[in-house]
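Only one chain is included here, represented as structure tokens and corresponding to the form predicted alone.
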């Protein structure tokens, strides 16, 4: 029997990681990506359809006669891509538009958490009628300010500078009408990716992302400068508390909606010194770069797993995970996370390290191949060097060995990925 035809929507490092995982699945016969990048061309076919072109993606899926669509980014989910695909009889891994509002609106997510009693930080809604200084005085610094829009992980400012906080609040109110001022949660962050549908859920190995651009978690927020899994801060006891207090009540809520949630729920956790987890944020898709370190640790057939969730039968599976460690280090363009210098040639991206139990390679993200066959940078986060090994320290060493082979003018990366665990 021929394997499934799968279409991946998106064009980042996350999509390259999904493409590799699906191409290695026995259940999958061919992988297509739209729009894809230089990495996804190595494992399947790219199609020049934007991820946010909902009708274009639906038409492409019909033309390719795909068995499954896997939606990477959040914007097409909020715009109703899964609703449209299911409406024409195509299985889609990714929640419907109402479910996607958990990421599409931070205010909606907060209200749901409060309704369900899920632990999270306090929040104030500030608008043009609010006394901003009084609002800031209600919470001790640092202040967490979030725009209620999709901003690719960069619509959040965390600062102890009252002037910076007030400026961002006023700018956000002017552009959006209101802004969320949240209580700062102290502790150590971790990410739990939970594949769920109405039948049940599967918690994937917990990871830890590095959001700040600079070493020691300094500088502005980015989409993520590296990650590792499993994250030791998520001990078995912490994991069970997160399931009991956070995953279970949200799953119960989502499975009882008119249209059940089918896809992955990204739970951004803050774990305090007593091991108590709280929710920093929910996302409705695989995280980037967390996906790059999570997919390699899934030993079960990824295609079967994603199709089962898209069809509402995830509880029928018993997944198998590796006990190895995975690390990825992001190499970013000059200027990132601000305006980035692109269209520069990349050398060394085909580096592969295979030594015994160590496997290290490159996930491509903001990278495209030009007409002459050159690999050029095309985005802020250009690629990440990913390594899988028996222990975390070895994986970190292997990942940086690959990074050191990369040549990209003006690029930068952090040298301390996984420092909290090590």
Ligand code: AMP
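None of these values were measured; they are calculated from a predicted model. Positions refer to the first chain, counted from 1.
Below, we refer to the form predicted together with the ligand, which is not included among the displayed structures.
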I'd like to know if residue 178 sits close to the ligand in the model of the complex, meaning any non-hydrogen atom pair within 4.5 angstroms. no
Residue 106, heavy atom within 4.5 angstroms of the ligand in the model of the complex: yes
Even though the ligand is not shown here, does residue 340 get within 4.5 Å of it in the model of the complex, heavy atoms only? no
Is the gap between residue 156 and the ligand in the model of the complex 4.5 Å or less for some heavy atom pair? yes
Heavy atom within 4.5 Å of the ligand in the model of the complex - residue from 146, 251, 241, 344: 146
Only one of 247, 213, 298, 270 gets a heavy atom within 4.5 Å of the ligand in the model of the complex. Which one? 270
Heavy atom of each of 334, 368 and 407 within 4.5 Å of the ligand in the model of the complex: no
For the interface check, one of 304-312, 178-186, 321-329, 194-202 should have non-hydrogen atoms within 4.5 Å of the ligand in the model of the complex; which one? 178-186
When the ligand is considered in the model of the complex, the residues of 246-283 having a heavy atom within 4.5 Å of it are 270, 280, 281
